[in-house]
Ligand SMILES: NC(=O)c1ccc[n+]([C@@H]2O[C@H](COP(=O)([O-])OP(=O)(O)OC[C@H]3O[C@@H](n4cnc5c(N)ncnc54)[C@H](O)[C@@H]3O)[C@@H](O)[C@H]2O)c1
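A single chain comes next, written as structure tokens; it is the form predicted on its own.
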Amino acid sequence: MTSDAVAVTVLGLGTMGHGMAQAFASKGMIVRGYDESPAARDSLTDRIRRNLTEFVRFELMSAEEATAALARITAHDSVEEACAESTFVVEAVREDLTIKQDLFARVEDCVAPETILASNSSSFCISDSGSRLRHPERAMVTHWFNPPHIIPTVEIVPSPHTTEQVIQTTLQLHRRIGKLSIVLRQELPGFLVNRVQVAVMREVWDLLERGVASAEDLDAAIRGSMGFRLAALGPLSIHDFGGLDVASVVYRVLCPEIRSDTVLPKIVQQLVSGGKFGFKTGAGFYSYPEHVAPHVLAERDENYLRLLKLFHASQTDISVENP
């Protein structure tokens, strides 16, 4: 399958969907988008144009390539219109199981039998979100990370019904657009990365709630240690270099001490109940006043883009043979 032969539909054009559309279009694919919000549809071109401008500034693509990518993306007024003639449809709607189930049932009625269906869920398995599909063998999760046009990894999570051909086609599709795509061998809620993130999140939130360190110091400490190393090596490689004998001792000492319950920490409960969801509401662990919020977001993306350049530069054909 060449990029010219791929017509991609992205359903949901918010935080995740617009970046996913950009990623596909940047590699030569025709992208049709839909969102139930007219504002999201109307603003799609401007949002992606701003992203592409930054890619050009960081020399990740040329101005001509950015212009061509933008021209490949169109927003449509209905699901049916957006899905017409698509060979790959991915939903990026709100993380609500019923909404996803209803959408997949609707999409299946307006696509060709060979069209692949994917969900960008952060937690729901395709066996759940696609439970009403008549042909579950062509469906799976493709889990991207925010911001999706920058973060390399995409997790591909098939169900027991997904065919090997669909898995491999989806894997190669995402590799063609420059994504570090990996296939999970088991279907499980939260997939791979989010399960690890939640384990870290629980301990970080607990340390903050107990007053062990300030939010600023917690972030700084993790960025300058775990974050620094994880930007270069995976966690298993880090353990190999540090020594599994040492890691085993640390594990035995600390596991009885770290938080292990399933109760949401009060500090987070209070923020959420007070409508403080983070950046999108102007406050969370930190404050994001309206006059500085755009600069904070731009700084985040600049840091990510610098890392992306390093990431691409570090990719080699060198492999380590497993025992």
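When you see a residue number, it is the position in the sequence shown, counting from 1. Not measured: the values here are computed from a predicted model.
Separately, the form predicted together with the named molecule exists; it is not shown, and the next lines address it.
Residue in contact with the named molecule in the predicted bound form (any heavy atom within 4.5 Å), chosen from 186, 248, 168, 146: 146. Proximity to the named molecule in the predicted bound form, defined as a heavy atom within 4.5 Å, holds among 72, 138, 100, 179 only for 100.
Per the 4.5 Å heavy atom criterion, the named molecule in the predicted bound form is contacted by stretch 138-146, the sole one of 110-118, 198-206, 138-146, 229-237. Although the partner is absent here, residue 36 is a contact residue: one of its heavy atoms lies within 4.5 angstroms of the named molecule in the predicted bound form. The named molecule in the predicted bound form is approached by residue 92, whose closest heavy atom lies within 4.5 angstroms of it. Residue contact with the named molecule in the predicted bound form: residue 162 places no heavy atom within 4.5 Å of it. The named molecule in the predicted bound form comes within 4.5 Å of no heavy atom belonging to residue 305. Along 6-33, a non-hydrogen atom within 4.5 Å of the named molecule in the predicted bound form is carried by 12, 13, 14, 15, 16, 17, in order along the sequence.
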